[in-house]
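A single chain, nothing else alongside it, follows as structure tokens in the form predicted alone.
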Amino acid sequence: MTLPPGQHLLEGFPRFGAHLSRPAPAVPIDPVIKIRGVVTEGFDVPLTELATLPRRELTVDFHCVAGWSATNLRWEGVSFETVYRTFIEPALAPETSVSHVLFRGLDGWRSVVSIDDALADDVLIAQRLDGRPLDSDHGAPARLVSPHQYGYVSTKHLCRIEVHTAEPKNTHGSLLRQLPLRLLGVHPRARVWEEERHRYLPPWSVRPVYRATIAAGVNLSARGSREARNPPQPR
């Protein structure tokens, strides 16, 4: 098996995300995906409506920017292009030129994807993994799956999609506090086989650091999974 540059095969598929040591967010009783941005009027798409669209099943690999890869994962859902053409495109004003899509999860994570990358044939809004509904570790009730990009693009617990005519910027915090984050800023394309890990840092500079953190990340993932299955009891 040939893996992308800088990647190492990992057994299983560990939980990943911004808060590995914490339980995943609770799933709403009637989950929806909010559609916002340059649409003429914001609206919500209940996840039950996805069941009315053509289904797709893909068996692909998942590549974390930290350097580990999980292979042969079987995802099932609806292609993002189908969702875009069915719900979002008709809600755009004439002559609106969408350039970027922002995906946001219930855990607060967000990813920004160019419209060309988002409409790629293998990009799904997935609701099932390996024949079972998504669990809390892997993005219930629905998540983005973009296998040709690093895992940070594949937002879990998807609850909001925004369409934009320019790349949205992160404007939170002071400039001084943002400088280190800007240096580590994610690459705008995040293509795995081109090793586009970060916007400003060359790939070779971060490989050793990420490789050293894989074991710690897997341990945190296991801790968060245990807490999700066995939440602390009130005292």
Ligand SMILES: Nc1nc2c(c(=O)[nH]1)N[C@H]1C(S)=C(S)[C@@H](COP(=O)(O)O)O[C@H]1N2
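Position 1 is the first residue in the sequence shown; the rest follow in order. Keep in mind the model is a prediction, meaning the values are calculated, not measured.
Just so it is clear, the following notes concern the form predicted together with this ligand, a form of the same protein that is not shown.
Contact with this ligand in the predicted bound form, defined as a heavy atom within 4.5 Å, is made by all three of 64, 68 and 138. Of the heavy atoms in residue 211, none are within 4.5 Å of this ligand in the predicted bound form.
Within 4.5 Å of some heavy atom of this ligand in the predicted bound form lies at least one heavy atom of residue 151. For residue 81, no non-hydrogen atom is located within 4.5 Å of this ligand in the predicted bound form, even though that partner is not displayed.
Although the partner is absent here, residue 87 sits far enough away that none of its heavy atoms falls within 4.5 Å of this ligand in the predicted bound form. Heavy atoms within 4.5 Å of this ligand in the predicted bound form belong, among the stretches 103 to 111, 119 to 127, 160 to 168, 90 to 98, to residues of 103 to 111.
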